[in-house]
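One chain follows as structure tokens, the form predicted alone.
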Amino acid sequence: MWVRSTLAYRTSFVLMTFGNFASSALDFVALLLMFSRVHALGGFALPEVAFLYGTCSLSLGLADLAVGNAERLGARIRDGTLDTLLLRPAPVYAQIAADRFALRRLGRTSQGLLVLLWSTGRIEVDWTPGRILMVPLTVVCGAVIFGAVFTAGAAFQFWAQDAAELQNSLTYGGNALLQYPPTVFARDLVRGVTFIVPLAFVNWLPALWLLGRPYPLGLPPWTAFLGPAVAALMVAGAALAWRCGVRAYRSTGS
């Protein structure tokens, strides 16, 4: 329904998608301006940083497109409209994800894909079949990890009721973090996004393996292949949190 209503006003849809594309592209413009003054950032050249940027932006874009509307759960809890979703014969999670589905978010996704395609043609990598397969696998696992964070953040709102900004700090904030090489950040921060909230598995670890770079924490190279396992664990944890959240929900009574 939301897709149909969006496409009913095609000019508005095109303008909003372009605006989403442009706002996302500004982050990459900032990187280009930075590299107009320096030749490397944390030991990484522009195509390598663009590869990090493209993988995490595309992953976040896909997750945001699919389940990004989960952040609206807090508003539905506060105004009592979540009760209407619970009465319908359909999974509440699917209804929340589809609520006001924003097709304009294809702008962020397409912008990340363009940067990723541009960077893969310029990074110095011996493209074996395994390395070629690693690129889409990284994007898919990254999207699943971001989706799990969106879901866990939404589940937390069953108790906090207004914690969308905390969720955004881990999703959009995590995206901003992962656009840059881990070598430019403090080791404690790198440890946090590796062992506590494992955002490093979105793109840092597989990308460093592809680029032949060591990980700052000295992790073995095989950890680059743990993306699917980490994504599965994140999904299981997010699903459990969501289930507990739904069970703990108490109607507003209005």
Partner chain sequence: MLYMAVAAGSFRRYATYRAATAAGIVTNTVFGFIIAYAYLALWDQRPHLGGYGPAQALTFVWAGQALLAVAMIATGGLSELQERIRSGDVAVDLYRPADLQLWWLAADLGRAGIQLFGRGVAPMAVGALAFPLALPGDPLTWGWFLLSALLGVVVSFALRYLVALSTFWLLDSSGLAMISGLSGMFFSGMVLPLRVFPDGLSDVAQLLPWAALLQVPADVLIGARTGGALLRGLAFQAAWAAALLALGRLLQSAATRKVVVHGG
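Computed from a prediction, not measured in an experiment: that's the story for all the values here. Numbering follows the first chain given and starts at 1.
Below, we refer to the form predicted in complex with the partner chain, which is not included among the displayed structures.
The partner is absent here; in the model of the complex, the one residue of 246, 239, 15, 232 having a heavy atom within 4.5 Å of the partner chain is 15. Scanning 162, 99, 79, 83 against the partner chain in the model of the complex with a 4.5 Å heavy atom cut-off leaves one residue, 162.
Partner contacts here mean any heavy atom within 4.5 Å of the partner chain in the model of the complex, and among 223 to 231, 50 to 58, 37 to 45, 210 to 218 they occur only in 37 to 45. Of the heavy atoms in residue 197, none are within 4.5 Å of the partner chain in the model of the complex. The partner chain is not shown here, and in the model of the complex it never comes within 4.5 Å of any heavy atom of residue 118. Heavy atoms of residue 173 reach within 4.5 Å of the partner chain in the model of the complex, making it an interface residue.
Interface membership of residue 93, defined by any non-hydrogen atom within 4.5 Å of the partner chain in the model of the complex, is ruled out. In the model of the complex, the partner chain lies within 4.5 angstroms of at least one heavy atom of each of the following residues of 154 to 189: 162, 163, 165, 166, 168, 169, 172, 173, 176, 177, 180, 184, 185, 186, 189, in sequence order.
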